[in-house]
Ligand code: PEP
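Okay, here we've got a single chain as structure tokens, the form predicted on its own, with questions on binding and movement later.
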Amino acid sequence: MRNLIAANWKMHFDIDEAENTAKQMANSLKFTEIDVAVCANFIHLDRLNTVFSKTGIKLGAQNMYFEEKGAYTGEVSPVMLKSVGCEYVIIGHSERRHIFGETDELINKKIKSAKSHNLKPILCVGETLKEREDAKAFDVIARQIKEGLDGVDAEDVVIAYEPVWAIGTGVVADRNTIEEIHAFVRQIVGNLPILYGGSVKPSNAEQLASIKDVNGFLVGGASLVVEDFKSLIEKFIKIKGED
């Protein structure tokens, strides 16, 4: 099981900004101890593939549709992602679930399609603040994993636990919460890598990396600044070492 730190650039950067940031990453992120991936906007992927193709940095998308082709205006297929060099694809991010209404059934179709096209899905799971306050966090996460992976050969799937209330808020789940949730997820998914996401930054990277079942991070805002992203990777490696 390889540890993984994945950048989620979300909806940031125009094409030139994306290329310049990617070039900075290519020059400074030369890690062999773990896998590093950048999940970028669809319009950036081809340009980033050119930048990353001779480096160790993996390319990922932030979403995909489950059909290969057809009359699906505005969607992007797994075939298209493979054609621009993607290895990873984020599926089921909380912003897709809560802003765009994606269901566990749809997410399951996307994961099956990604797998059938040799893309590695990063399945995002996590509870809202209300679900946590209502003591439903474990039920929600178990459902998201079991329904998301229903009928799936889970080899090469990555799980990312992102408490919805910690994404982009600056609030990080406390250590006990992360330990508890990651241990719970481990019981369900066995040997699959489990990432933590939710306001990860250089200042908390060592503390988060020291948690037993944290196999990497899914990083939002801090991945937009190359020095911050590099710093948190270095701090993760300092704690975890080479896997």
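Model, not experiment: these values are computed from the prediction. A residue's number is simply how far along the shown sequence it sits, counting from 1.
Omitted from view is the form predicted in complex with the named molecule, to which the following refers.
Query raised in the report: Which of these stretches, 22-30, 193-201, 49-57, 206-214, has heavy atoms within 4.5 Å of the named molecule in the model of the complex?
Result: That would be stretch 193-201.
Query - residue 38 within 4.5 Å of the named molecule in the model of the complex, heavy atoms - result: No, residue 38 sits far enough from the named molecule in the model of the complex that none of its heavy atoms falls within 4.5 Å.
Query raised in the report: Would residue 127 count as touching the named molecule in the model of the complex under a 4.5 Å heavy atom rule?
Result: Answer no; every heavy atom of residue 127 is more than 4.5 Å from the named molecule in the model of the complex.
Query - 4.5 Å heavy atom contact, residue 168 to the named molecule in the model of the complex - result: Heavy-atom contact with the named molecule at 4.5 Å: present for residue 168.
Query raised in the report: Do residue 230 and the named molecule come within 4.5 Å of each other in the model of the complex, heavy atoms counted?
Result: Contact check for residue 230: no, nothing within 4.5 Å of the named molecule in the model of the complex.
Query raised in the report: Is any part of 1-33 within 4.5 angstroms of the named molecule in the model of the complex by a non-hydrogen atom, and which residues would that be?
Result: Read in sequence order, the residues that approach the named molecule (within 4.5 Å, in the model of the complex) are 8, 10.
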